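We give structure tokens for two forms of one protein chain below, kept apart as structure 1 and structure 2.
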Structure 1
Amino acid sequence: MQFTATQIAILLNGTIEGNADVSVSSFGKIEEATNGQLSFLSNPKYEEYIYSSAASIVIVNESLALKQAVQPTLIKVKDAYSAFAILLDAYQNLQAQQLVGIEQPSQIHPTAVLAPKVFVGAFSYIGEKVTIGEGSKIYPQTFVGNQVSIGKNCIIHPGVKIYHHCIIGNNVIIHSGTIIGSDGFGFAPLADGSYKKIPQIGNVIIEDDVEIGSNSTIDRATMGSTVIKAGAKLDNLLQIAHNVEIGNHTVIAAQSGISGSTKIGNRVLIGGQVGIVGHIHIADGTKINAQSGVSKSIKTSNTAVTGSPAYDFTAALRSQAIARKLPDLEKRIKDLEQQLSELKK
């Protein structure tokens, strides 16, 4: 893809200094960029490079006062760094959108239905009666089990595994190594001390606009569905157990775990390494501090909690502060006891 200085200036709402017709097809750092490349100058300590740069176009800060003439065409913007970032991101999205078609070898069951503009990477496995919506990208080495449904414009990164019968909405992003729909952890104890597996015949439903990080695990429901509602954002290495529900626009940081059948409300914020027991409800807007252990339902919206077991955030912080002074408190009690016994003599 080729872009002219004019096109880029329009995109960034910048002004051009130099030849507006020059065009670029790739990116380079200011100290390395060659003819045909776009670069940027933001940090003043790199300014010297612009005077010798072979880049065709350089994005610079409006505030830059050049000490001598330069060869590249300049595009002046308020913040060169973020302008360059916007451009790079747009470029990567553009590239990703051009990923279309079926790479070989891949295995796509004849009963699977792929909409137009779908990409399926090499070594991916698409099972029976799978449906994949328009514009979705299934990267290499992904497993999509029988009768899974994937909506439009999803990005399923390399190596994701989606078990049979799970349902993924539109605009969903799932990062590498995440497992959707593995069996819930359910076993019935037998008289001899061993365990019998309880069949896990439900599924996982992931609604629109959800993003899930890498190497997370979302178990299928025993019956019914484990549900991640629209707009929720889930980080890496999360454990979401069977029959859990995560509300709209709820955000969960890395390494947290939600136990079976717990329902998390909307717009809840959960820090990293939090644990939440099973079969409870967490009210809308709750804030749960990192490393907390939540053992009871939280019924009042917008509550903040911390600690393990977790309770009111402010009260818990106060107790934690005093807990550090426990050796002093103990000494003061001992002193009191001694004084009192002397008084009583």
Structure 2
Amino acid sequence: MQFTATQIAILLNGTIEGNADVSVSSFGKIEEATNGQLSFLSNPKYEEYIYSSAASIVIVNESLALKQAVQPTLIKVKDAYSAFAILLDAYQNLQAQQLVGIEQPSQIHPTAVLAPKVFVGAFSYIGEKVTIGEGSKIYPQTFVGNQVSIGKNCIIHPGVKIYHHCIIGNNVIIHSGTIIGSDGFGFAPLADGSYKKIPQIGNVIIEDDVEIGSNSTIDRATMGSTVIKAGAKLDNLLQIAHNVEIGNHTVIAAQSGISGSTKIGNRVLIGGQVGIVGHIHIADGTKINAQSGVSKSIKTSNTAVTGSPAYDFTAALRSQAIARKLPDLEKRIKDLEQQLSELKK
């Protein structure tokens, strides 16, 4: 697919400086792009490359003041980074629109309802009474269990498993290897020391505009629903336990785990390898530093915590600063003790 500078400028609401008719068919980094490619410049650290770049078009900030002439056609926008993201998204959507129909071999139950412009890749399984919304793409080797609902314009990447009765909203992206709706970790201890499995009869609800990374697991509820609310972004290798609720636009980095029935607020930022115990609440806007262990509810909004057990971020930094001074403090105490001993004599 080829696009001219004029077409791109219209999409991004930008202004052109250079040849408006020049066209591009692919993308490249500013330091590596070649003729026929489009690039962008937003970080001042990379400005030097624009003067030698062979790219045909470069998206730049309106505020950029060039020190010398450049070869590429420039498209000036308010924010080059976000504009480039918009352009990549549009390009990806155009590519996805070409994927329509059902590849063989695949297994689709006669009661499943697939809207127009749906794609189902080879070796996929679509169960009984499944509904899939218009424009959604189900890539190869995906399992969709009985009575699952998938909304419009979703992208379900290869190898995803969605267990029965789960509900996926619109514009959801789920990456390869992720499992939605596996059993929650529920076992009742018995008098003989063994454990009786507690049936997990709930489901998982993933609302609109959620993205979930690869090889993550979101457990179904014991009763009711495990809920990932609209706009949440979840990284790779996460464990979300049964009956957890993740708030709107919350972001969770890789290798974090959230135990059962914990409620995470809106716009919470959770770093990598964070562990959160069950049955607690995390207030809106909380920031949890990487490798923290959260063992009790955080009730005040917009709090930053770190450590294990996690506590106030600023207090933690002060404690760390004091800890670094401990050898010196120990020496001073010993000196004072020696002076005191001599005074007593």
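As the structure is a prediction and not an experimental result, all values here were calculated from the model. For the two forms, the rigid core is made up of the largest set of C-alpha atoms that agree within 1.5 Å on superposition. Residue numbering: sequential along structure 1, first residue numbered 1.
Mark the structure, either 1 or 2, that is the form predicted together with a further copy of the same chain.
Pick structure 1 here.
Tell me, please, whether between structure 1 and structure 2 the C-alpha of residue 195 is shifted by 2 Å or more, with the rigid core used for superposition.
No; that C-alpha moves by less than 2 Å between structure 1 and structure 2.
2 Å or more on the CA of residue 72 between structure 1 and structure 2, with the rigid core superposed, yes or no?
Comparing forms between structure 1 and structure 2, the residue 72 CA shifts at least 2 Å.
Any chance the CA of residue 123 moves 2 angstroms or more between structure 1 and structure 2, core superposed?
False for residue 123: its C-alpha shift is below 2 Å.
After superposing on the rigid core, how much does the Cα of residue 320 shift between structure 1 and structure 2, in Å?
A shift of 2.5 Å at the C-alpha.
Residue 51: how big is its Cα shift between structure 1 and structure 2, in Å, with the core superposed?
Its C-alpha moves by 15.6 Å once the cores are overlaid.
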